[in-house]
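Single chain ahead, written as structure tokens, the form predicted alone.
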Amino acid sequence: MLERFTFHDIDSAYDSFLRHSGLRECVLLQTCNRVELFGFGNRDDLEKIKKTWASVSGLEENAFKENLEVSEGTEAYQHLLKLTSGLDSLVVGEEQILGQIKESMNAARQLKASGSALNTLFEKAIRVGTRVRQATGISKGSISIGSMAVKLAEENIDDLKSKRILLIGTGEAASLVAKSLKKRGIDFGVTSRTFERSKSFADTAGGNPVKFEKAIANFKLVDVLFVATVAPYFLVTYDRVKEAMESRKNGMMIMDLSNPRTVDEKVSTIKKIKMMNLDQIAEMVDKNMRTRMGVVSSAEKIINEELPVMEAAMKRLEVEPIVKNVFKEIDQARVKELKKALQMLGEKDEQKIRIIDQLTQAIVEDIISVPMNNLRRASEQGDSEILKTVTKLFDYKTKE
């Protein structure tokens, strides 16, 4: 399902969203676990966004009915803060997502897809995410199902680096296995139902993509098999493994991290097979998680402190174009009247002209700064009535 919504040509996707969706800015975040679009524009553009997304990914529009989650305003800010802080991952404190968010932001900037609104939002979210990790130590010592499985494989098999390893699956649990293997410098193959998905996963999480049919038919070449899928049936069958073991001298270790299980339990009865399933390692992971719940609470406290600050900053962005426009128009009037006055005076002395110019600037700033700063504060507090009044007073037209 995730593969269907993925943008394979990022440059083209950005171009389409900026041209056709009604969004003024956007940032695309894609990992092996999520596909997300952060946009800045009008709420009424949601249907245009879905149509554009469907067009770019080759989807039917009804594909979004059960698979699209929409957040806006404060809810969207909080979601991004949880992402950067590692609270919205299968493993609390997971580090990889923060780097992926930074990469997505940089890509959007290079393509000029993001602007002042999303640049501000992401910069603040990355800063908060970094603060949470440093202040709470949430990323230290975290143990995931994937990393625990790799650790157990290391403990049960001599020289894991020299073994032939296959990972079946490209979801979040699989990505944690991949991350742990990659961190240890261990080569492995990765396969999924679609080869494109395997390649995309390998680009993001590591591993060498292998065609599914080839991988399933060649278990005899595998020393360690990690299975992490959501298939509702047995991918690794008793007959397939038994046949593979008949042509092998050495044993095989199988780690089934799927829920429901996708390795037939009878496989464990085959000679020279060592098998572990999700239940057998979950207790160790749960113990680690229980010791970290205080850290999660501390992280959430920091997010709750930072959320109003982020909201104020984003609300202030709404009023900045008006403030700039007011200052610009008043300054243009000042310069126009200054030129008239200097001509009438016949003043040629550059020093006197500079002094008069600075005087007029100071007068304008003294008069305008207080109401404009009050307008900024009002916008931060969500006072939309003052914003509407000022817009009418200064005849400011919002640019579409």
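Note that residue numbering follows the sequence shown and begins at 1. None of these values were measured; they are calculated from a predicted model. Heads up, when I say rigid core I mean the largest set of C-alphas that superpose within 1.5 Å between the two forms.
As for the form predicted in complex with a small molecule, it is not shown, yet the points below apply to it.
Annotated contact segment (heavy atom within 4.5 Å of the small molecule in the model of the complex): 186-194, selected among 67-75, 318-326, 80-88, 186-194. The candidate spot formed by Ala231, Leu235 and Leu278 is fully in contact with the small molecule in the model of the complex: every one of the three has a heavy atom within 4.5 Å. In the model of the complex, none of the heavy atoms of Pro209 sits within 4.5 Å of a heavy atom of the small molecule. For the chain shown alone, Leu98 is not a contact residue for the small molecule in the model of the complex, no non-hydrogen atom being within 4.5 angstroms. Taking the partner from elsewhere, Val177 is found to have every heavy atom lying beyond 4.5 Å of the small molecule in the model of the complex.
Contact check for Glu172: a heavy atom falls within 4.5 Å of the small molecule in the model of the complex.
Out of the listed residues Ser298, Ser268, Asn259, Asn106, Asn259 is the one that sits within 4.5 Å of the small molecule in the model of the complex by at least one heavy atom. None of Ile145, Ala117, Ile126, Val92 but one reaches within 4.5 angstroms of the small molecule in the model of the complex through a heavy atom, and that residue is Ile145. Taking 2 Å as the criterion, Gly99 does not count as shifted between the shown form and the other one: its C-alpha moves by less than this amount when the rigid core is aligned. Once the cores line up, the CA of Glu123 ends up less than 2 angstroms apart between the shown form and the other one.
Phe327 is not among the residues whose C-alpha shifts by 2 Å or more between the shown form and the other one once the rigid core is aligned; its shift stays under 2 Å.
In the model of the complex, the Cα positions of Ala108 and Thr194 lie at least 3 Å farther from each other than in the form displayed. With a change of no less than 3 Å, the CA-CA distance between Thr170 and Phe64 is larger in the model of the complex than in the form shown.
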